[in-house]
Ligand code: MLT
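Okay, here we've got a single chain as structure tokens, the form predicted alone, with questions on binding and movement later.
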């Protein structure tokens, strides 16, 4: 592309979104053209910041007419390369589209633009006396549009489901620039295909979500939180079984290894262990009080001790302790980044298959290079296991990624045996395209490719993501 052609493109884009809302500075584009993976080549042509669905549609229409690839951009907190622009694409950021409409307290819904952050929607719901159930460590920066595009999961999925379960309706700009208005507040609509589900989890490859109607609910009853120390991974699934059989309303069920715990204690400011003696594994268990306010946690822990599935347990006694215990889990990702080079996986399995899978995983980890540390944590109550390969900060990053990738491939190859998934919540993006075969059959992949060709025949919408 010549300088003259580029200049004409920038002039046209500025006419659509305004002079100040087109970015071409190379340093800024290096940030705007990537996500948290930080391992892919970044080279967008420009980034634009539309202020309305109409402006998004006009930009998309212009890009289609001129054969320009488009990379939709939200909070860029993804971990699969889904928001990377590496081939002179136009990054369309919805950062200016943050409007949140008044809460519908009768229908228990909230409508917002796709650039609103998860936290802003949570706070708007809370101010109206209601609750928005999606909860992520990156809630302050992740956008609702990105949550929809990746079908985000988060900390409360075991109780409330993921993003798909929170969405009643969406408005989408299609790859030809037309606007598909499916932003309904209906709870029931049995009239053929529910097309919104094509776009939820599509990673921006079929269109750009610009508005959404989200489901709200009553705030949870008083919740109690405990951190539980256990000897064996198999005890974790036993705890989940006992809690369920006892009728506990579980709002979160997380786990992490002592290796992860040690890294948090080393790198997270103010972090401290709640136990006198460390244990191999830890569970974060959050439950609602029973109707009428009766405590559930203490009798449940007594049951766990009776069944000899926990070594020790600490219950949060106040809001400060509640926050401190949760931080032991939520600070893992940031602490890993401070600790060394990291390659991340977020796989999922049927919950009853976790224990045998972990046993095979341990065997594979034993074959890994000695300078690669494998750190496990995750939303274990819904089968979501985060596998983190960590190498020394002083080592060569490229060599580490290559070595970690070999371990990763061996672990992925175990998943078909257990009907597992290579991605529980971060999507495919650029990072896992080669591995899609471990989770999807050839027939499924071909059907997905066919849908992409129907909706986006020119292939301009987030090109190269999910498939080549």
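Residue numbers count along the first chain shown, from 1. Computed from a predicted model, the values in this text were never measured in an experiment.
Absent from the display: the form predicted together with this ligand. The rest refers to it.
When you look in the predicted bound form, the only residue of 253, 389, 377, 281 with a non-hydrogen atom within 4.5 Å of this ligand is 377. A heavy atom within 4.5 Å of this ligand in the predicted bound form is found for one listed residue only; from 159, 344, 341, 196, this is 344. Although the partner is absent here, residue 261 sits far enough away that none of its heavy atoms falls within 4.5 Å of this ligand in the predicted bound form.
The closest non-hydrogen atom of residue 79 lies within 4.5 Å of this ligand in the predicted bound form.
In the predicted bound form, no heavy atom of residue 348 sits within 4.5 Å of this ligand. Taking non-hydrogen atoms only, residue 109 never approaches this ligand to within 4.5 angstroms in the predicted bound form.
Only one listed stretch (39 to 47, 419 to 427, 398 to 406, 61 to 69) carries heavy atoms within 4.5 Å of this ligand in the predicted bound form, and that stretch is 419 to 427. Of the residues in 87 to 114, none comes within 4.5 Å of this ligand in the predicted bound form through any heavy atom.
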